[in-house]
Structures are given as C-alpha cells and as structure tokens.
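Shown below, as structure tokens, is a lone chain in the form predicted alone; questions about how it binds or moves come after it.
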C-alpha cells in the first residue's frame, strides 16, 4: 500500500491520472475518464439518522450529543430529513440525461462524505466495475477547506482505507464559482427578484430602498485566510471571500442590465442599481473563534434597521441547491428577521437542476476529458478560470494538521 503521508510514486499529485500527475495548474492534455464521481456532503433521511449524521460531520472534535441536539432541531423541524440527498439524486439523474443527450458514455457514481451512500461505496463500485479513472464533481463551487480541500482529503483517505490507492486514479473539475453555468441561475433569480420587488412595492426607489444580500456559509477566519494559493495575493479573507465578492458583482451587474432591457423597466435607465452586500450565515464553533462576518440577521438588524430600506432580496450565492442551511437559515430565520423589520423580502433560487447549471457541469467535465486550453475556458470574473490541480497547501486546515489530499500538489 502506498504511504500517503509522502509524495508518492515519484509524482507530486496523489492518485492522479498521468496528465495531472506532475501538477500543472490547468491540464491541457486529453484524458479518457471511465466515470464521473458526484461527491456530496450527505444528510439524514429520518429522525433516527439525525444525531449519527451530526456525529459524522463533527467527527474528531469531541462534541457531546447534547450539543449536537442543539443543531438537530433544524433537521427535526423538517421531520429529520435533509433535502440534500434528494437534490443530489435529482442532480445525478439530470447529469445522466445531459450526458446521454450529447452522446457521452460516462456513468455517474454518487458518494457522500457524511451519510449514505458513502464515498466508500462509490469507490468500491468503481473498482468492481473496472472504472479506474474518475473525474470528481464536488457539490460546492468555491475554494475553502470545507468546500474543496476536505473533499480531496476524503478521496485520499477512502482510497487508502479501501486499498484502492494504487488501483483508482482521481482528478477533479475546477472550482466553478465563476463558470457561466453556475452563475446564470443567480442572474436570472436576481433579475426576476428585482422585477417582483418593483411590482409588489408601490413607488419603490430601487437605488435607496432595495437591498440585495448575497449570502454564503460563514467559515473560520483562519480557514478563509488559507483559501487559495498564497501567490495570488488575496487579502486576509483569502480566495473564499474574494470569489464571492467577484461573483456577486457580476450577478448584480448582469441582472440589472437585463432588467433594463425589459420594456416595462425602461424608465429605470440612468438610475443607480440597488446596493448590495456579501453577508454570512450558519456559523458554528465556539464564540471565541473568529468567523467571517457580518451575519445576515445582524446586518439587517444593525445596519439596515432605521434606514430607507423597504425590500430585501436574499440571494443564496454560496449554495448549489436548497439544502438545510438555505431552508432553515434563510427561508426561516433571515426571512423572519426581514419581516420583523417590516421589509418585503424574497429568497431567490439556487442552481439546483437548472439546465444551465447541469449543462455547465458537463462542460466542466469535458474540459478535463478534452484537455481544453486555459485560454478557451469560460469564466465570468478576473479570478478564474480556477485550477484543475490545487496548488500546494491550498485551503489546508492548519488546526487539524496536515492530511494527504488527492487532486492537488502536496502539501
């Protein structure tokens, strides 16, 4: 068995295909993959699953069940069922349909980090069927420990524990935060949301009375600082915040432009677009540990309260589907806060199985299949296109210590 604590087999990228093994930022050599791995977070599917699932999520942190139960009520509110597994089943089916419509013969395997079906099952299925070259799609668009590196560490861990580290090779698609397929559903949602805000609020001054709140999952500030490679020169909140800020600006600019093209909104020509803010949600961990701020509820209560705001658009920019953090933290808590302040509010859509998103994910797979040159890869911000092979140390969780990770240059 390969010692995954070191660079292995003379190559800097653990368990990589030949084209990615030397660690190029963008792989421009075609690779014949056998299958796609759809890698999800996982979620409980009944009341009895909730605490075991939360134990998996917090494994190694020694959190007692009493504290886990404080989080469990979010799931119990919805019958103990997270929507995320059903959403990934739907995404898997949509990917299979899109691949078939293009005549692409690539099976889609599905495995989760924290609940059934586990990654172990997906890798074992791949081995049983002779699928030795996999390309992974993690259901997260941005760069951070929890949204990229942790998936890569789990690929390495599971391949080692199952004894498949010398049998299966795995690469990944690039982080797709600024790929048009991911961004388009948000543009559509913000454009249509602004139109609804205008229609349902008589005399709304869009420039001063409408706020667009782009919301994403908060992460520890120390993790944010290590998101993205050092040489990119991001500020103290790293690539994670920079990517969200860049995408938020693109979404609002394009949505506003498209709104003005509608005849019923032509009178807005020459007026200023709404104000917007990147806000955070779903923080956990001890209060003494700094996390990215401001919280969406705190922002509305402390910054918007008493001002001219009459309407808020809540945009789940950091999420690919309507899973628990969207349904609870935004649809329940943030919407309640907006109502208490007397604001009209609307939460816009996530990509889900929007055709543009599904088609975009297949396009991203084909970048790796075809070895598409960097210059030909679509991206909607100056930050992208992001890397096929993660750079050394990118998004490492220094609190937990070094762990080997696939699809990236060590460490």
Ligand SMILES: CC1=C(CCC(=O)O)c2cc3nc(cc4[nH]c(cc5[nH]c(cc1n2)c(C)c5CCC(=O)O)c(CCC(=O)O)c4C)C(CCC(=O)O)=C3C
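Numbering follows the first chain given and starts at 1. This is a predicted model, so every value here is computed, not measured.
Just so it is clear, the following notes concern the form predicted in complex with the named molecule, a form of the same protein that is not shown.
Ligand-site call, the named molecule overlaid in the model of the complex, backbone or C-beta contacts under 2.4 Å, 3+ atoms
Transferred pose: open.
From the candidate stretches 26 to 34, 49 to 57, 376 to 384, 347 to 355, select the single one in contact with the named molecule in the model of the complex, where contact means a heavy atom within 4.5 Å.
Flagged stretch: 49 to 57.
Mind checking whether each of 248, 277 and 335 has a heavy atom within 4.5 Å of the named molecule in the model of the complex?
No, none of 248, 277 and 335 comes within 4.5 Å of the named molecule in the model of the complex.
Exactly one residue in 123, 256, 299, 75 has a non-hydrogen atom within 4.5 Å of the named molecule in the model of the complex; which is it?
Flagged contact: 75.
Heavy atom within 4.5 Å of the named molecule in the model of the complex: which of 136, 320, 183, 292?
Checking each option against the named molecule in the model of the complex, the one that comes within 4.5 Å is 320.
Can residue 240 be called a contact residue for the named molecule in the model of the complex at 4.5 Å between heavy atoms?
Yes, residue 240 lies within 4.5 Å of the named molecule in the model of the complex.
Is residue 140 close enough to the named molecule in the model of the complex to count, meaning some heavy atom within 4.5 Å?
Contact check for residue 140: yes, within 4.5 Å of the named molecule in the model of the complex.
Does at least one non-hydrogen atom of residue 188 fall within 4.5 angstroms of the named molecule in the model of the complex?
Outside the cut-off, so no.
Contact test in the model of the complex: residue 71 vs the named molecule, heavy atoms, 4.5 Å
Residue-level check for residue 71: yes, a contact with the named molecule.
If you apply a 4.5 angstroms heavy atom cut-off, which residues in 157 to 176 are near the named molecule in the model of the complex?
Residues within 4.5 Å: none in this stretch.
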